[in-house]
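Only one chain is shown below, in structure tokens, and it's the form predicted alone.
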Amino acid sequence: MLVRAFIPAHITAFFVPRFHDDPLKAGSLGAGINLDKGTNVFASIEGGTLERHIHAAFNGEPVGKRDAEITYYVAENLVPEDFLGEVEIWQYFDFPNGHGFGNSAGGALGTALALSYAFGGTWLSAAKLAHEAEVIHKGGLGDVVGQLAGGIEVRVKAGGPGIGVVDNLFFEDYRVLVVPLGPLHTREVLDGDVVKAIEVEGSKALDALLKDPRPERMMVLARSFAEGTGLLTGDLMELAREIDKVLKNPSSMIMLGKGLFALLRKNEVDDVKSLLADLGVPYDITGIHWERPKVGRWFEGGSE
């Protein structure tokens, strides 16, 4: 059996971490955007061997447990102990790892959904396990619940699936510009002194967004959060100011990655492309994924 799951890439605009000894009660408040590109997970399940084997690969390259702790944690909990066969998990990422696109959560949730589809389970139980794996191994706090919600999401109560509460903003006609320039490791930021500033600025941004829940307001607040926490500085700040010159709404920093994102109207796309081509920086422009993730059997030829 071959099962495919698609999980949208998820950009966090601003956030407030909420830590707890119970992984399902840990999470984050904040807001973010789900993209039409993201993580595709293929799970191949073949019985008939004498032992139970689980293998994983990222973008076609095999990875061991040390480099894929989250994926193996999910798989070990979902592949039955008495299953005798080969389970191969292939994860393909549209965006680079560590750049703030929720790849870790995408891999965890995609693996959980694909294996639950194959071996039995529910969306909620799969999502809970993915969130638990993310929290335990410090992959992230709020991406799983954000990806489940789709669209432009607002996390109004922290926690994993079944505990956290996620709302959505109405939007139309927007595309998303992303400029991925380099990685920032979540665990390093969340273990640092900047957490106090994130808690203060993130709480202010969330309160303000709930009073005026519009995508345009979210971008203003995201930029204020990025600057107020001291995360957006130097060359990245200069690039953001250049991008702002051709947009109505401000750009902001991808949380957490060394990169920028912005909401674009159709009439702004050509100007942005021209600017970034002149500056020689990598970029992508994609749509907003407003549905839940997708999972189903994958047949030869790519049809579902």
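Just so you know, these numbers come straight off a predicted model, no measurement behind them. One rule holds for the numbers: they count along the sequence shown, beginning at 1.
Although not depicted, the form predicted together with another copy of the chain is the subject of the following passage.
- In the model of the complex, another copy of the chain stays beyond 4.5 Å of every heavy atom belonging to D22.
- Using a 4.5 angstroms threshold between heavy atoms, V16 stays clear of another copy of the chain in the model of the complex.
- Contact check for G228: every heavy atom lies farther than 4.5 Å from another copy of the chain in the model of the complex.
- Of the heavy atoms in G150, some are within 4.5 Å of another copy of the chain in the model of the complex.
- Among V79, V220, V195, V156, the residue placing a heavy atom within 4.5 Å of another copy of the chain in the model of the complex is V156.
- The candidate spot formed by W123, G162 and D167 is fully in contact with another copy of the chain in the model of the complex: every one of the three has a heavy atom within 4.5 Å.
- Annotated contact segment (heavy atom within 4.5 Å of another copy of the chain in the model of the complex): 168 to 176, selected among 99 to 107, 168 to 176, 230 to 238, 85 to 93.
- Using a 4.5 Å cut-off on any heavy atom, the residues of 266 to 292 that reach another copy of the chain in the model of the complex are, in sequence order, W290, E291, R292.
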